[in-house]
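What follows is a pair of forms of the same protein chain, given separately as structure tokens and numbered structure 1 and structure 2.
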Structure 1
């Protein structure tokens, strides 16, 4: 029976209004949630457990504030919740090094994660961790089956490709046709009492740092046209400015 890990990350709510104070983003009043693609990874991990047995551990890296998303994962049905303590930001190398060590310590055989995080959108965690572990990797999967192994569906040229993934492996998940389950009352009550297992792992020094952050320039006001007399001008703008014709 597989030992399954799902990586989850706390990010700002995608509907939140982002404000920049000075040269950094002010998140003091922003609601923090589990990164949406991680929810699909969590659902896939739970389906793997239901099909093949084993246990699922939700793993995150962050400070005590990140424990909320672990409790959310517990309410949905994971068996264990683990947080690697850190109070500082990490670059990609440092984060993936820490995740690699945590996964090794936990003895995982398969790791699921979102295809990218909602805050950075880099999409490097799954392949990067797989490379550090020396494991197989499958990215952007939209479906998975667990009949005697792990088979996944992933986009290919002109359609979808079905792959048989040898374990151990790191698999990053896209939305596809997955419907993420909702936590029930029993799960929510159990999650409130659950204890987060906190680990400390030494990380390499981050060599990439954020110099400053700023919002993109405001978009110019839109233009409105009415009547057939404006058709020629609209066509010209679509061709010359929007590059649509």
Structure 2
């Protein structure tokens, strides 16, 4: 029966307005949530457990504030919740080295994560952690089946490709047709009582460091028109002014 780990990350609500104060983003007034794609990873991990047995551990890296999403994961049905304590900001090399160590300590046959986090949008964690573990990886999957091993659907070759993924592996999840389960009352009560296992792992030095954060440059005001007939003029301008079409 597989040991399953799901990586979750706390990020600003995707509907939140992002403010910048001075030279960095100010998230003090923003509601923090589990990154949306991580919910699909969590759902896939729970389905894997339902098909093959085993246990699911939700793992996050961050300060104590990140424990809320672990409790959310617990309420949805994971068996264990683990937070790796960190002190400062890390580049991907430092973060993924810490994740590799945490996964090795916990022991796992398969790790699920979201295809990208809503804050960075990078999508580096799945393939990066897999490389550091020397495991197989499959990314941006839209479906998974668990018949002995794991088979996934992923975009490729101008269509979709069905892949067999040998374990151990790290698999990053897109939305696909998944419906993410809602926590029930029992789960919520259990999550309240659950304790978060806190680990401390030494991280290597980060060579990529943040210089500053800023708002994107504002776009100059565009042209505005009233009424559908203006669409013809706009089409012409797309060719004459914008050199498109």
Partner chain sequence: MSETIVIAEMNNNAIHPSTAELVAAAGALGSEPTLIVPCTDASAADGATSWNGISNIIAAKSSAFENYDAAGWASALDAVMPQGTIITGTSPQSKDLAARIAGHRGMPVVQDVVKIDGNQVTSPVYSGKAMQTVSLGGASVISVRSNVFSPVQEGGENNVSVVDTTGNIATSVQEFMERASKRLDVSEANIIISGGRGMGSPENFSHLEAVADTIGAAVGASRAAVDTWEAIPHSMQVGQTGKTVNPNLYIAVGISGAIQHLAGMRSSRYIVAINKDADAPIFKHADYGIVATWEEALPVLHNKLQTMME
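Superpose the two forms; the largest set of C-alphas matching within 1.5 Å is the rigid core. The structure presented is a predicted model; accordingly, all values stated were derived computationally and were not measured. Positions refer to the first chain, counted from 1.
Asker: Here are two forms of the same chain; which is the form predicted together with its partner chain?
Answerer: Pick structure 2; the other is not the form predicted together with its partner chain.
Asker: After the core is matched up, is the C-alpha of residue 230 off by 2 Å or more between structure 1 and structure 2?
Answerer: Superposed on the core, residue 230 moves its C-alpha 2 Å or more between structure 1 and structure 2.
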